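Okay, here we've got a single chain as structure tokens, the form predicted alone, with questions on binding and movement later.
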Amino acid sequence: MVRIHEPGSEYVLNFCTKHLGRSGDPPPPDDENATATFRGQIAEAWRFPIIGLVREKDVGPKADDLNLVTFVYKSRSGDQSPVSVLGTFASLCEPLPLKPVLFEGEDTGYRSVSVTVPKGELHTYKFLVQGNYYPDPINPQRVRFGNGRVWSRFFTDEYLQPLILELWELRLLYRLVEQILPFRTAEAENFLQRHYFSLDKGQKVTQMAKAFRLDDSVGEVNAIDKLLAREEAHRLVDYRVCLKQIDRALRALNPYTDPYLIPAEQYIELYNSMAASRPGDGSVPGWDYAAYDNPAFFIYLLRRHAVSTAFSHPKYAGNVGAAGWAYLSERYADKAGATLFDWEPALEKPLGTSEYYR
């Protein structure tokens, strides 16, 4: 049974006033074209629903395994119509009512409800407004089912299954990222093995499975998939087009082998030619410049995403078990052997030692 929480109006308004404050009144929910325009005016619309931390005092020691998911609906000025949310995170037979968000006792026009959802899950939902069901007008994440119906989607922290990239695309990314991150040297591979195998029994079950599900470094390929599903969704088209071009270029280099299995030397050759290219110069063999004229920009984009995911907070699905940070901690030390990258005091438990977050 879903558990409803009350984080308070201030918690909700901290997000609403920053990200929704300049968008004006929303259009009628049945006008999808106007809704898309409205959504385009919202700063970082992907932040909705709000995926936050759960306080230990509210749920006890299970807090580390849960997210506080807050659904927000923006009503038109003066509209007092009831709004509810229905989704796979709760019973599909019982829509949950959203309550008015108040500021100094006055109705702000926002409606919200907060529930706890386990980490590592994917869910779909709709809002019930005036007797009809509609996708979330704010959240840009959508999924279309086989019956043609469109639902809104969200995923909680540490979700590890691929969302939008196909297996062949993930495999190509895995090989390309080898050219960017430092985890493929013998020394780094040895460190990662020692890092994971030094975890206690409970951590081995949870953390090692996450690290090795899609790639055997720190989960950065999996995290890029999540990045393209949410924050960097506007860059998904770059990946779609360029991965097709990379597949084509690799087949031109080696027509008798699946691109995923091509030797590393040929990946290095392609990577270097892409990185050194100029828009439209034709220097990358097998590349269709009419489809994408700047291979070097895609390499820049991939570098940014790979480094961001490998060394960001583990909740974003990369840097699993804080292995990326642990690697930096061991690699960078002073002459006395003390680390120059002491990350644990800045991170909440159980990975770190900070008490601040709880």
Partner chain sequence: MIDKFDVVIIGSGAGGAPIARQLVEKGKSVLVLEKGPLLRPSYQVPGERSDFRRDEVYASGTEKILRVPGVANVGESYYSSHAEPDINDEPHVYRGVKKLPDGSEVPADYATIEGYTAQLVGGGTQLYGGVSLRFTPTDLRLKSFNAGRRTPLQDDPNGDALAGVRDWPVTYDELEPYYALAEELVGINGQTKNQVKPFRTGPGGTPGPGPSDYCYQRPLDPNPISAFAHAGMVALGQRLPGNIEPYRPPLAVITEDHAPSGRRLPRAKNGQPDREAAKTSYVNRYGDPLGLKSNTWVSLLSPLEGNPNFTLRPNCVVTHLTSTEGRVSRVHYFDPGGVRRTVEGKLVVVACSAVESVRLLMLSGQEDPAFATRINSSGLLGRYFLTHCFGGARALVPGRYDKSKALDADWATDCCGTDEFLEANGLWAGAAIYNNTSDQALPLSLFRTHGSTDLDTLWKGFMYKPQMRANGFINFLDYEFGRGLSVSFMANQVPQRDNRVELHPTVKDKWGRPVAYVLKTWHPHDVYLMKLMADQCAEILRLGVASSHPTYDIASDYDLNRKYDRNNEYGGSLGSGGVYQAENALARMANHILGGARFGTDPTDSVLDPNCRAWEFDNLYVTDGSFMPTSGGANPTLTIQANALRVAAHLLKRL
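So that the term is clear: the rigid core is the largest set of C-alpha atoms that superpose within 1.5 Å between two forms. Numbering follows the first chain given and starts at 1. These numbers come from a predicted model, not from an experiment.
Omitted here: the form predicted in complex with the partner chain. The next part is about that form.
The chain is drawn here without the partner chain; in the predicted bound form, the stretch among 99-107, 162-170, 247-255, 281-289 whose residues come within 4.5 Å of it by any heavy atom is 99-107.
The partner chain is not shown here, but in the predicted bound form it comes within 4.5 Å of a heavy atom of P182.
Contact check for E94: every heavy atom lies farther than 4.5 Å from the partner chain in the predicted bound form. Although the partner is absent from this view, H234 contacts the partner chain in the predicted bound form, with a non-hydrogen atom inside 4.5 angstroms. Looking at W325, you'd find a heavy atom of it within 4.5 angstroms of the partner chain in the predicted bound form. Contacts to the partner chain in the predicted bound form (heavy atom within 4.5 Å) from stretch 40-57: G40, Q41, A43, E44, W46, R47, L53, V54, R55, E56, K57.
After superposing the rigid core, the C-alpha of S77 moves by 2 Å or more between the shown form and the other one.
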